[in-house]
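The chain that follows stands alone, in the form predicted alone, written as structure tokens.
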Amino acid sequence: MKNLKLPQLMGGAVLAGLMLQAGVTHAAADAEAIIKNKCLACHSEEQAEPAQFSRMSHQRKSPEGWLMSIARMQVMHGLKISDDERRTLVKHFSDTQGLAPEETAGARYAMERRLNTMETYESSAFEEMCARCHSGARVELQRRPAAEWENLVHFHLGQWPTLEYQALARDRDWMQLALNEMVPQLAADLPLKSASWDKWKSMKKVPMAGRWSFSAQMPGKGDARGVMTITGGKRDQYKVKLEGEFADGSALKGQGSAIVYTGYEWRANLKIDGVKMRQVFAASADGAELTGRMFETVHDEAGMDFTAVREGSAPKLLSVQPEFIRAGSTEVLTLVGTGLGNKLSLGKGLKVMEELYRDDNKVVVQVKASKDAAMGTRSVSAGKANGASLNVFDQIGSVKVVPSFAVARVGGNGGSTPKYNAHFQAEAWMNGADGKAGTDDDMRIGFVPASWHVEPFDAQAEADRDTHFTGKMDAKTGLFTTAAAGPNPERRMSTNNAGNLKVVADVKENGKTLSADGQLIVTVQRWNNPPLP
């Protein structure tokens, strides 16, 4: 145990290094041998053909879930295995006891490190019993029979014996509720056996090698597009090269390695323009599309939504950049996808004045929108390629801050945890038919430039001078960078640089200023940073 580095095992920032390294994962026979040689000191073999082992053969999880389980065996139970062996086990369990795409659909935000997601569930019991100490998604990304869910309850109480004395536990018969109500509910909602998993296991998996046209959107930088070239494929391991650009013309280039789990779970480590980044994508069943998020390895709050389509697959239009045009204006639009035909259809009232550039992955055109062009969202096509839309508007009626609620964390200052910053965007909306903002028929226009600042959220925040101590807002990009961690002698009682802020976006429209605000909680470091929050 002396050589075990806990941050390397449990920290989401370095998860990729544990799971990805070309040429280190091995076949199922190797994984079975590792289990028999290293795991049966505690577990037992239930049957030989096919091999089944106590506890571990009765669960299904995401790759991150399996990594966390194996790491816990190392940290808490003294399991001694190499990084190579751990990667082999994660690969084996993810492939043989993973989750079907339908089973991860509602909880992928946890794997993609979208940590500002606000979880809501119909079951208040689930929220209070399961989703109060960690995300509900961590539970949703696993499957067990009733007996195993019961074992998990006992594990929780054995590992954290004060659990019953915490808030939302000491006010009820926690153990009785967990065993008699939550176990049946979890076994019914998240069962080990499912038709989705049986169907997915029987499907032929498609290799990922090829050229992929991609479209992305990153807070603070805007739209991006380019080509991702994937080579290799032996034992589901690949090399990746990314060549693209942001809308402002700055480069988006880099390369790295990737691995595919469960036939569709894409995980990659890359260095993009000198910054280490990670990709967490899901491949479509036909292997033609990849969707997910690419984010910085250390600062996972900094990332971009990412969609890619394989060249040679059915024609597909991924996006129109920007995604909006004002009636009566002339704009340069970029259509991104594959198989883009020569005939462009933008709808009535929009005319292509000139084609400025064309290749296999994008078409750049100058478009004029007439003053009387119909307002609304319209489908766009380029030959047989469709799937993207364009918003036509006359004026911005209101603005929203996205996200409306966010958490940032102080860090650095010689400590072991980095700062966790916050990124905001201004989302423009057009008023509906009644001309009033905030009604159901309002139309989303898209993200627009804004001027940013922060204010105290309430009287207490003003009295504590939170705007002065918590960090700095970039007026142009919407990036809030937190202050340093640790006690601050300049603050009352030398407290840290936490605080409660109002984030304000100002957007100019027809000589007026439209404003919107959201809330930002600046708090202390995230000491426990597992792959699944």
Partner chain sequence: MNKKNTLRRSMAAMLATVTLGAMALISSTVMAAQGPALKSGDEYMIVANYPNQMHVLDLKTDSIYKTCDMPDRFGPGALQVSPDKKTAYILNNGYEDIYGVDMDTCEVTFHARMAANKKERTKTIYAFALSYDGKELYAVQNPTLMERDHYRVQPTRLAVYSTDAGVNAKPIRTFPSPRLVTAMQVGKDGGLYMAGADIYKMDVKTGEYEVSVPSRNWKRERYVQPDVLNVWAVQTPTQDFTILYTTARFQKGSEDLNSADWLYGYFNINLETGETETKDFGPITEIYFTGTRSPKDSNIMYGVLNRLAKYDIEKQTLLKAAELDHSYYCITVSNDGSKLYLAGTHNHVAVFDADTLERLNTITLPGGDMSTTTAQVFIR
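Residue numbers count along the first chain shown, from 1. For clarity, every value in this text was computed on a predicted model and none was experimentally measured.
A second form of this protein, the form predicted in complex with the partner chain, is not displayed here; the remarks below concern that form.
S.K.: Which residue, N151, T117, S284, T229, is the contact with the partner chain in the predicted complex, using a 4.5 Å heavy atom cutoff?
M.R.: Only one option qualifies, and that one is N151.
S.K.: Only one of E296, D84, E323, E164 has a non-hydrogen atom within 4.5 angstroms of the partner chain in the predicted complex; which is it?
M.R.: Selected option: E164.
S.K.: So in the predicted complex, does R170 come within 4.5 Å of the partner chain, heavy atom to heavy atom?
M.R.: Residue-level check for R170: yes, a contact with the partner chain.
S.K.: Determine whether any heavy atom of A433 comes within 4.5 Å of a heavy atom of the partner chain in the predicted complex, and answer yes or no.
M.R.: Although the partner chain is absent here, A433 would stay clear of it in the predicted complex, with no heavy atoms inside 4.5 Å.
S.K.: Does the 4.5 Å heavy atom contact test between K384 and the partner chain in the predicted complex come out positive?
M.R.: Answer no; every heavy atom of K384 is more than 4.5 Å from the partner chain in the predicted complex.
S.K.: Any chance A29 has a heavy atom within 4.5 Å of the partner chain in the predicted complex?
M.R.: Contact with the partner chain, no.
S.K.: Hey, of 244-252, 371-379, 73-81, 269-277, which bit sits against the partner chain in the predicted complex at 4.5 Å between non-hydrogen atoms?
M.R.: Stretch with heavy atoms near the partner: 73-81.
S.K.: Output the sequence-ordered list of residues from 459-490 with at least one heavy atom within 4.5 Å of the partner chain in the predicted complex.
M.R.: Contacting residue: only G486.
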